[in-house]
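For reference, the chain that follows is the form predicted on its own, supplied as structure tokens.
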């Protein structure tokens, strides 16, 4: 029992913070209810998938600075393909978008493995490449999302207090992450993040595993871009503020920056916490500029704290 508590203590602490924040939100906004939950859930959806994408590569011992740009490519691709499309073509468009995401992530991983250039340098360069690709597809907001697809994340699911967007998030994460984590590939991702040399000596193909990890990152980024198009109803080629937010949520969620430790539940809870903090600041009528400063400060502190923990972990 004690071992289980220590193992899940960080996540339990995040859940406690989240519960307190919901209580605080209810105090400052007494009419906060199902509509507020639905708005919060839809607002955090792209951030959640960006965080899931980042978490996978961080667990593998890397980082991907091009997550937001890949989301932009996926979003505009979806908007263009679904513009005026019927139900059948919409399903094909979704599959194409997911394949585009996998391909972008795999290209990032392959460049890192083949060139042996640090991932932070490669993905920084690819950030601009994918941003340019997004602008080539759409040079401004445009396209559209099929109505039935948008309805997947709007409104309640079965009961009034359960948003469809939250169910959509849970289904997508479980469908990808649970089988991955329990597979040989998932174990290999954790192994190379913990110690790539030891993983290599144990027979793990480090290069292929790293490419696969970045491909999964691209898949989650593609789903995030798709949900952004589903939320707004059109494609936006300019990357949103998902990069720093995803790194902060990953660290706050208990994933070690050095790699090898962590999961997705903690980071997703951290996303909700960060989005709820922003909502509370808005409800308190805090100046938007001050809100941005507060958000940025929280992110910087969290990332610096995670960096310190990772450094200490490597030098024990």
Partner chain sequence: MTSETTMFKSVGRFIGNNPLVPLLILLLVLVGVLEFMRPGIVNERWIGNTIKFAIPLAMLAACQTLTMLTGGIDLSAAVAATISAFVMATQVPIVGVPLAICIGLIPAIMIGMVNGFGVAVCRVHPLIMTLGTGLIATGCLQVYQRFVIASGSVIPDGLAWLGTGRTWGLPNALILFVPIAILIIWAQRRTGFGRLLYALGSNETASRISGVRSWQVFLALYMLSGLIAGVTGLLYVGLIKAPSLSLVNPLLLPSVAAAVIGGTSIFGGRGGYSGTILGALILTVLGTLLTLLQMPEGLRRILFGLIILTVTTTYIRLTEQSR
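Positions refer to the first chain, counted from 1. Here, rigid core means the biggest group of C-alpha atoms that superpose within 1.5 Å across both forms. Just so it is clear, the model here is predicted, and its values are computed rather than measured.
There is another form of the same protein, the form predicted in complex with its partner chain; it is not shown, and what comes next is about it.
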Exactly one stretch in 165-173, 88-96, 123-131, 202-210 has heavy atoms within 4.5 Å of its partner chain in the predicted complex; which is it? 123-131
4.5 Å heavy atom contact, residue 184 and its partner chain in the predicted complex: no
I'd like to check something about residue 257: if you look in the predicted complex, is any of its heavy atoms closer than or equal to 4.5 Å to a heavy atom of its partner chain? yes
Determine whether any heavy atom of residue 80 comes within 4.5 Å of a heavy atom of its partner chain in the predicted complex, and answer yes or no. no
Is the gap between residue 215 and its partner chain in the predicted complex 4.5 Å or less for some heavy atom pair? no
Triple contact flag 15, 19 and 262 to its partner chain in the predicted complex, non-hydrogen atom at 4.5 angstroms: no
Enumerate the residues of 87-122 that have a non-hydrogen atom within 4.5 Å of its partner chain in the predicted complex, in sequence order, or give none. 111, 114, 115, 116, 117, 118, 120, 121, 122
Would you say residue 299 moves its Cα by 2 Å or more between this form and the one not shown, aligning on the core? yes
